[in-house]
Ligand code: ATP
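Heads up, the chain below is alone and in the form predicted alone; it's given as structure tokens.
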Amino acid sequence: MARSTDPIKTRHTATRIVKTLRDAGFNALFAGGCVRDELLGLHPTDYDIATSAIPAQVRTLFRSVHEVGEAFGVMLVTIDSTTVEVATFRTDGAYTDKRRPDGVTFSDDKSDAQRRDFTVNALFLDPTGATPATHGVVSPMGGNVIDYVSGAADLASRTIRAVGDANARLNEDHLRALRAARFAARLGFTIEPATAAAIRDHASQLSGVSRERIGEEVRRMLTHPAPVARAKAAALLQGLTLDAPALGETTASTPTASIASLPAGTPFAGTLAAWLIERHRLYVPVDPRPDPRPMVTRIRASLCLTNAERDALHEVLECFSDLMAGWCTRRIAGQKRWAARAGFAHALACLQPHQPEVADKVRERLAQLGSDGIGISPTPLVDGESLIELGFRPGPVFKSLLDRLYDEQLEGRLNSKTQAVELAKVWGV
């Protein structure tokens, strides 16, 4: 893992580290995702290095070295403010906790490739060109690819395949099931049948993974810059029956196409809301509308949502419920108050695929409200300080009075502070 926002600088630094290790007589290669992304024509900002040098030997070769997992052979090397993860080739022991190996044995590059999760993540690259390329595969950014698991062929066919026995890989680390879905969605790849079958077989075991890690994987899937990738991620989670243990719900087979229609900048809460709306058919008109709070409480626990994420999700679902309940029939003040809420625009985007005529009507009405000379969310003519200056004491009627005055303003019956103050005196008696 190289920490830098400049991909060219990061690669240059990682290459310097590889050369230093090789000049000292050790084997050293780029490893994992950075190799995959280079072969896909991307420009990685993260570079990992795998080497035959053990941590004590790495420490003698570089000035700035920090231990992050020396028992597992992992060190951080910093050069010119860029930090690169350098790990010793290893073979993993048993995964008792189904998340990480109990111990490791330092080994060689071939053995190291065999312990990795998916073939496209088990590729190595020698940026110096000193190691012959396997099957003549080279990186467009320079360097020879070393491939012990046919990862380059899977990359070319756009396939996610477990290294070796899929059941064994999934049994070692249950989080790999979610990672497979994330990689397939992000890259637009297909999960090959044996790997997909193993994921379904082990799906129920995902419940043993920490909620924090599950939440982070789902969050990464549903915040991909491309909405179509988010939709594919949701569809994969459902198709692989990972949705039930991830969300704490029963498995669904609902469409996810509406997620793909969301604006590119839709935040995590908005995308998650769109998925839940699909799964629970919240777009179907019913009376009364279901209270979103129990669902939000359950999802928060399942995905370890932050307080801000929980509140944002509730906000979108509540606004969606109001749109479905007849926002267009509200009085002007009510329409403006709801339209000014943080989740309203996201809720409207969630409504569009299911109730396009209603969504279009809402947008038409929003345009009218926004051009009425008052605006949807104008600054209040009077506030709490104004009432205190008039001699009012903060209390139960304080907020009620401010709300009534603001409604009058939103509907155009108050257009100056003087008018508002006079009305406050009348109503406050």
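The first residue of the shown sequence is 1; numbering continues from there. Fair warning: this is a prediction, and the values are worked out from it, not measured in the lab.
Another form, the form predicted in complex with this ligand, is not on view; read the next lines as being about it.
Taking the partner from elsewhere, no residue among 335, 403 and 407 has a non-hydrogen atom within 4.5 angstroms of this ligand in the model of the complex.
At a distance threshold of 4.5 angstroms between non-hydrogen atoms, residue 121 is in contact with this ligand in the model of the complex. Taking the partner from elsewhere, residue 289 is found to have every heavy atom lying beyond 4.5 Å of this ligand in the model of the complex. Residue contact check for residue 330: none of its heavy atoms lie within 4.5 Å of this ligand in the model of the complex.
Taking non-hydrogen atoms only, residue 154 never approaches this ligand to within 4.5 angstroms in the model of the complex. Listed residues 314, 341, 220, 211 were compared with this ligand in the model of the complex; 220 is the one with a heavy atom within 4.5 Å. Though this ligand is absent from this view, in the model of the complex it lies within 4.5 Å of a heavy atom of just one residue from 318, 173, 192, 109, which is 173.
With the partner left out here, this ligand still marks one of 304 to 312, 175 to 183, 195 to 203, 132 to 140 in the model of the complex; by a 4.5 Å heavy atom cut-off that stretch is 175 to 183. Contact residues in stretch 112 to 136 (any heavy atom within 4.5 Å of this ligand, taken in the model of the complex) are 115, 116, 117, 121.
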